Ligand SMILES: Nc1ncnc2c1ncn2[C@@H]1O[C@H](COP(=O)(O)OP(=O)(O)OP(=O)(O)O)[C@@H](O)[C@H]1O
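Take a look at this one chain, the form predicted on its own, written out in structure tokens.
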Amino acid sequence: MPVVTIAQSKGGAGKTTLALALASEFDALGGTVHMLDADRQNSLMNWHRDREASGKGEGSRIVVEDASQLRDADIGNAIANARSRAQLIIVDSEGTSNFKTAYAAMDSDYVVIPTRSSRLDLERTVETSDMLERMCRGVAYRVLITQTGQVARSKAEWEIDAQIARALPTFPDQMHTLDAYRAMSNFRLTLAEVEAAGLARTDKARRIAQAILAQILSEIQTGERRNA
């Protein structure tokens, strides 16, 4: 089953939000998702535990496992076990540079590097890309620009976006700062549940998540056919 690791050595780039958005849309398609929370902040685990405690997770096809306390080298075994439990595995790595992220990437089919349009994020993104090129050859990856405004953006932000696109494989879609993404975390819901509850407009948020998910799965399938 496909394994997607979300990796970024700088915190605050929106890793957990991206993980939840992708899981939400795969769940909406009727698929099962096993998420490994390898970040010691445990944002995914807290989301999952709160859902379970409130009954919101009843019947959900999304399961979250705490992988934050595993030894670095043991993340591979956790990924292998998860492959037999769900149709999609998502690893939310820690927002620091560490070997657990590298080991997770090695055992993944795809890596997404979320980044904001800032010079510091760009530097950390290049570091993460270099790590993948050195240690995880053959694993497909793309950079996703996150937390962007839908309309008003500065000239500096556009220039950084252009630099990223010139230097690294980048998703054509950007993950804007939208109320629907905040509602997932605030109310412990999936995007479909946010929509059903009428807590925020979700059309744009879901279209973005669907496009990113579709591109990831398509590129994984293309790679599998190429290596067959």
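One-based numbering along the sequence shown. Just so you know, these numbers come straight off a predicted model, no measurement behind them.
The same protein has a further form, the form predicted together with the named molecule, not shown here; the description that follows concerns it.
Chemist: Which listed residue (M175, I62, I160, L189) meets the criterion of a heavy atom within 4.5 Å of the named molecule in the model of the complex?
Modeler: Of the listed residues, the single hit is M175.
Chemist: Within 4.5 Å, heavy atoms only, one stretch in 162 to 170, 35 to 43, 194 to 202, 64 to 72 touches the named molecule in the model of the complex. Which?
Modeler: Correct option: 35 to 43.
Chemist: With heavy atoms only and a cut-off of 4.5 Å, decide whether K10 touches the named molecule in the model of the complex.
Modeler: Heavy-atom contact with the named molecule at 4.5 Å: present for K10.
Chemist: Can R182 be called a contact residue for the named molecule in the model of the complex at 4.5 Å between heavy atoms?
Modeler: Contact check for R182: yes, within 4.5 Å of the named molecule in the model of the complex.
Chemist: Do S129 and the named molecule come within 4.5 Å of each other in the model of the complex, heavy atoms counted?
Modeler: S129: no, not in contact with the named molecule in the model of the complex.
Chemist: Is Q147 one of the residues lying within 4.5 Å of the named molecule in the model of the complex, judged by heavy atom distances?
Modeler: Yes.
Chemist: Given a 4.5 Å distance limit between heavy atoms, list every residue of 13 to 31 close to the named molecule in the model of the complex, or none if there are none.
Modeler: The stretch touches the partner through A13, G14, K15, T16, T17.
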